[in-house]
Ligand code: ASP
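Quick heads-up: it's one chain on its own, the form predicted alone, in structure tokens.
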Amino acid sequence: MRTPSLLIIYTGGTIGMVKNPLTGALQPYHFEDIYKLMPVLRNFDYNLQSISFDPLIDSSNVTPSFWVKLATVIEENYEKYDGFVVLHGTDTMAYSASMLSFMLENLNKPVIFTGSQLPMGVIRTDGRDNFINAIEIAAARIDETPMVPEVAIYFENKLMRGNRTNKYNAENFNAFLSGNYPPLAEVGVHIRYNTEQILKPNFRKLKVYKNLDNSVLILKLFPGIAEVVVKNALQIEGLKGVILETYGAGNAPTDIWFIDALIQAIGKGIIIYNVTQCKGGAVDMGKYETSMKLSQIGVIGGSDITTESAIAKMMFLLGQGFNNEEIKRLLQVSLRGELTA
């Protein structure tokens, strides 16, 4: 079996911070000499190459142009490497992993996102193990076929489908949750792959989509939300899509003013996508009276999709120029394993 070849893409974030030997201050490491940073990687017998974004960015500054840049790097290097490891800040990693899953159609190689809660240059860093395990997973193959040919997040002993995750803890090393989908792999003494849960390769040619439309917003419901707030949000000029974060199984207020505001927005061509605020479970419109009206007026149910994946999918579909009816249909269909249809 030939030696696996991987490209490590450092975009920025905590994982790439190391101590300056002269000042002791933390500074970004650009990964040109990855074996100097982590000599243990030589034991893998992999061909590891790296590329660093310039400038490196804090993940709080992620934008659609960043996603296009990242997708382009993968596209341009796709035939040269067997897999990719993306080092990314944790705050918006779930958004980026979700978006890349939609942008990269017919992906037949691993794109593994990872990061850390503590910098690589700190003694107790979680970055070292996250990085090493992400590399081993990205290189894993059976009969020259990648074990994980999809966009995933590796963090704290678990590999999760990227578009099924969210960051739920800002302090613990176990920072990411996949509430509605089991892990793709679990790491202990051995790496145990849940092969039945992993997307199968289709061996078609990679297609990369770079048109994204961010004329969208997330409207999170809460008890006492003001009429003026909802109406003003739905009247934003140029608004095309709304991720409506509802309670429980997709429930929302039944106040006349609230329903009327949604009816007016839908009448103007705005697509409203109902997702639950819960970290586990799914929208089931019509299960309770408080969600039945939403279904009747044309709100689209998001099943068990995460908010991060919902906003990414909406931007992606709007960017492809589909008409509203086709977008509404596709929002309810699993394109990349992002929801249980």
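The model shown is predicted, which means the values in this text are computed figures rather than measured ones. One-based numbering along the sequence shown.
Quick note: we don't show the form predicted in complex with the ligand, though the next part is all about it.
Of the stretches 53-61, 277-285, 39-47, 306-314, only 53-61 has residues with a heavy atom within 4.5 Å of the ligand in the predicted bound form. Taken together, S101, N163 and G337 are entirely out of contact with the ligand in the predicted bound form: none brings a heavy atom within 4.5 Å. At the 4.5 Å threshold, heavy atoms of P110 stay clear of the ligand in the predicted bound form, well away from it.
In the predicted bound form, Q117 approaches the ligand with a heavy atom inside 4.5 Å. Although the partner is absent from this view, T246 stays clear of the ligand in the predicted bound form, with no non-hydrogen atom inside 4.5 angstroms.
In the predicted bound form, at least one heavy atom of T90 sits within 4.5 Å of a heavy atom of the ligand. Shown without its partner, the chain has no residue in segment 309-341 with a non-hydrogen atom within 4.5 angstroms of the ligand in the predicted bound form.
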